[in-house]
Structure formats: C-alpha cells, structure tokens
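A lone chain, given as structure tokens: the form predicted on its own.
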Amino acid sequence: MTANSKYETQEHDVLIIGAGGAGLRAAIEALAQGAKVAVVCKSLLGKAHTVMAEGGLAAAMANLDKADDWRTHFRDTMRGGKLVNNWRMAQLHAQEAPDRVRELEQWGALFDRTESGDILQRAFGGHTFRRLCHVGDRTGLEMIRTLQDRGVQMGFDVFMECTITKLLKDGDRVSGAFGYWRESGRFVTFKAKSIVIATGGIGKSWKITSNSWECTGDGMALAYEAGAELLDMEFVQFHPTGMVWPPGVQGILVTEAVRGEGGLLRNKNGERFMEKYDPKKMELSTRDVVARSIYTEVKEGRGTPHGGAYLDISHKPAEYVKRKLPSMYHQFKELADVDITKGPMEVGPTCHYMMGGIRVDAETGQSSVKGLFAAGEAAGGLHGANRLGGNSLSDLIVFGRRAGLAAAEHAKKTAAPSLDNAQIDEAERQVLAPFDRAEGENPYTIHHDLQDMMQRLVGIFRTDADLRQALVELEKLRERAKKMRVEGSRLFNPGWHLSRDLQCMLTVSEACTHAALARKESRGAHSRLDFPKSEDVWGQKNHVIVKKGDAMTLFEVPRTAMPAELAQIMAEDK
C-alpha cells in the first residue's frame, strides 16, 4: 500500500514546523522565492510563544543613541554570550536586524515613537545603548500579528493543532514528516524537499518556567532523532524575574522592561542588593548575573515571604507605569491582586530560554542533515552562553528569513523525495504504543517527576554529583516512560499528547545534563558550584551532541577564530 493512500498526505516544497516569529518569517521568505509552503503548528496560529516576548527587539537603529551601530551590538552580544557564540551569526544578526525591523514597519507593525516620529528604543540589560524597539510591553504580540497577516496574504498553507512526531528521510536527506491531528488523532504525512524547524524552546522540562505548554523541545528532539547535531545544550537561561506568587502563576514572566524603565530590586530588608553583585550595571546587569543574585539572596535568608525578591516601579508616576507597561499592570492586578503603581512585585528566577539547540550553518540555517534547516530558539549558536534581552526577537526575523531563503533555494534544485512506508509504519507504532499496554503509569506522574528532578539537579547552580544523579534519574524516567499507558480514545486526548511530548523532553533533558556535566567551568547561564570560575580553555570550544546507534554521544568542537576586523571590534571599549 502506498503511503499516499493509507493516510492523508500533504505535498509542499518547504515544510515549516512551528508558527512563531522564526517560522512565519521563514515562510514569508520561502513564499517570496516562489516555493509552495506549509506551516504546521501544535497550537493555534497566533498563539506562538513569541507573543510572550514583551520588552522589545534589539536592533542598532541609533534612533535615540546616535553612537550605536552594528559593531557595538555585535560586541554586546558576544560579551553577553561569554564569547562562545558563533561569531558569524552574531555579526549577521547585528548587521541585519535594523533592516528586518524596517521591514516589519513596512508590513504594518506599529511601534512606539519618539517625538520626531522614529521608532522608540529602550534600555535593556547587557546592551550598551538604548536599542530595544518596542510596542509598550507587548512587542512579540505585534510582531506575530504583522508576520501572520503578511504570510496569510501571501498564501501559505496552515495546518493547526497538528503534532509532528517524526521526520522522514530518503537516504541521507529529509523527505517529509509524520504527525497527527490533535483533535481527531488521525495521522497525516507531509512530503517536502526542505524542512525548517522553528519549534522554540524546552522550558516545560523544568517545574518553574515562563514557557507555555508547547515548549517541550520537539524540534530539537526531532532533529536529533533524524541525525542532526545539537549544540551548547548546557546553556539554559533562567530569567531573573518570573512571578512567584500566587502559586498558580509561578514562573509567568515579568518583563525586563520593568527594570529597563527604572524598576529596582530589593531584598526583604529593603536593600538594593544588585549593588553587591554588579555595582556598575545594577538592575540592568545580564540575566544570568541577576538570576544568580536573587537566588543567592533567597538562599542566604534575605528573600521575600514566598522565596523571591521585590521588584518595585511604584516610585514612578502611576500614569507613566500604565503607559509604558500596560500588560504588566493588568497581569499583576488580575492574577495577583497587586497594583504595581502602588507597591512592589514579588519575583524570582524562572526557566526561560535555551541558548543551545540544533547546530546550524550561520549563513543558511542548514543543519548537518541535508534539507533540514532550523531558526529561532530551536537553533543554537547566536547567543553563546547567555542571551541578551531583546536579541531573541531580532534573532527570529534575521535567521527566520535566512532559513526560509535557503530552504526555498534547496527545494528548487532538489528532486521530489519519496516517502518510505516502513518509516511511516514505525512512526505510527511508536505513537500508538501507550494505548496498547494493559497497565502502566500515566504520563502526568512521569512528567511531574521529570520537572521536579530538573529543577532540583539541573537548575541555576549545578554540581558534578547532582548532574550524575540527574543522569541516573533520567534513565529511570526513560524506563518508566517505556511502560507508560494512556487510556481512552485518540480523540482529543491530552494524556496521549503528553506521552509524546514527554519523549522529546527526556531527550533534551538528557542532552542538557550531559553537556552541563562535561563543561567543568562556570560560563554565562551555566554555573557550576564546584567549578566557579570561567577558564580560557573552555572558552575555546563548544559541545556537540549527536545520536550514534541508540546512544547519545558528546564531543567537543574547537571554536573557529574570529577574523581580524571582528577581533578588533571586540578589543575596542567605548
């Protein structure tokens, strides 16, 4: 029986998995090249995690600070990433971000304005100049709205509430993907010459996270299973300010824009504690520093009643706060019954962003597998050991565009692949396995234990003993997952969906733990209590993880030397 007659099959030149900023920007670019494009998303169109990005997108437009240019942005990004970034990605990002912002503006994005009508820019941690272009504190929402309108108008095919469970291959190249409709549980195959993975991050592997339910590391796990390499998986950013109270909202993001607009951090004694940890940059220090500072204050007994710190912007006029931070004002009022114009917010670190991801070529976003591309948070390299606020949104549009362009060009010169029935049958068997077991645990308890373990053992501070323990626990969790059971039918069955997501989370959690164990130093977001210093020798290499047989294998790759003109920029200090 051919694959086509067995299941619904959709055929396209370029298949994009993920409909956030990177996926939509890739789709727009591929369409512009004349490709037939499909966008598949696990959730609804417009509900991508990009909408949660509040503070702004970083681009050296120099609208407020005339001295700003791509060189300073490049240097800030490299320094923020503790120099293990892919320097070519950092260079392209800094050079191309302003044009990508202007494009959004042409497509109808409404930014806040200066008196003279330029796009307004605000200060953010780790950036030398004010360079975050923003729309109040809901920039990501405006970006998604703009890109979505543009893509729909240009005519991509959208497949919503569809989960991809396996990438299909034709020899050493990708040929398509296998998945199911979340509502009916019916299977679907996608045939494509090029695939772009833009599935975002892995935050749902941790208990306290700003990430929504979709962020289960699907894209990284799919790519890994298909033979692609993962890069820098030890670098997981804990955003310093998530809500800590009430428990139902724990982890929900409090944008860095609160600090960018003048918010102050204090401990329970009223001390402005950032003076101790980074007297120069204070609240606008990089995220890794602020997160560790709050964590240390709590650990040493100076935390707030619910185990966080106070973030206070109530010294600013109420109208100013409501105008600059409308979403934050409503979020605290509605969820925590706190008026942020009158008193402080209680905040603490929350698992937020993955700097690591699929290892890609800087120019094209192509992975080590032919025809497989990645962009956005699912791709590693740009941010090094720690991402600067605002760089994620500009990352999406700079590298989303590049991946879409390269994917369309690859599709043009590639013959249509064939789908292998054996792979499809195997994919179906894997997905249905939990229904076939007469007994076993449900996926919820396993997921709960995974989150608990990652929070405890692979959190903000790490040690050799904890990480080794985590690998032991992961092995046990994997064994439990092999026996998990799902009840009911395939019709809109959340337990079944989770059983699939859990496999992805176990893969990325293991990759993260292996890489964290191997990096015997502290750098950026990766902090080892047993190796508290950064060592030059570690700054010269990155960790790559790849599947060999059934085993996860880690190897080191030396960083390529930066060209002289970029090294010169790094040496300058304005």
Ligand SMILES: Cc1cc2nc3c(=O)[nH]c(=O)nc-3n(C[C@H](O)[C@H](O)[C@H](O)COP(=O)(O)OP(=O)(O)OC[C@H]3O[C@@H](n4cnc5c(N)ncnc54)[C@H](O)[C@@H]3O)c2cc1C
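The numbering used is simple: start at 1 and walk along the sequence shown. Note that the structure is predicted; figures quoted are calculated from it, not measured.
In what follows, reference is made to the form predicted together with the named molecule, a form of this protein that is not presented.
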> Looking in the predicted bound form, is the named molecule within 4.5 Å of a heavy atom from each of Thr163, Ser210 and Gly390?
Replying inline: yes
> Hey, of 30 to 38, 532 to 540, 518 to 526, 51 to 59, which bit sits against the named molecule in the predicted bound form at 4.5 Å between non-hydrogen atoms?
Replying inline: 51 to 59
>> Using a 4.5 Å heavy atom cut-off, which residue among Leu253, Ala411, Leu498, Met89 comes into contact with the named molecule in the predicted bound form?
In response: Leu253
> the named molecule isn't shown here, but in the predicted bound form which of Gly200, Gly203, Gly176, Pro240 has a heavy atom within 4.5 Å of it?
Replying inline: Gly200
> Lys42 near the named molecule in the predicted bound form, any heavy atom under 4.5 Å?
Replying inline: yes
> So in the predicted bound form, does any heavy atom of Asp232 sit within 4.5 Å of the named molecule?
Replying inline: no
>> Taking the named molecule as it sits in the predicted bound form, is Leu382 near enough to touch it, meaning that at least one heavy atom pair lies within 4.5 angstroms?
In response: no
>> Whether Glu214 contacts the named molecule in the predicted bound form should be assessed with a 4.5 Å heavy atom distance threshold; does it?
In response: yes
>> Where, within 16 to 38, is there a heavy atom within 4.5 Å of the named molecule in the predicted bound form? Residue list please.
In response: Ile17, Gly18, Ala19, Gly20, Gly21, Ala22, Gly23
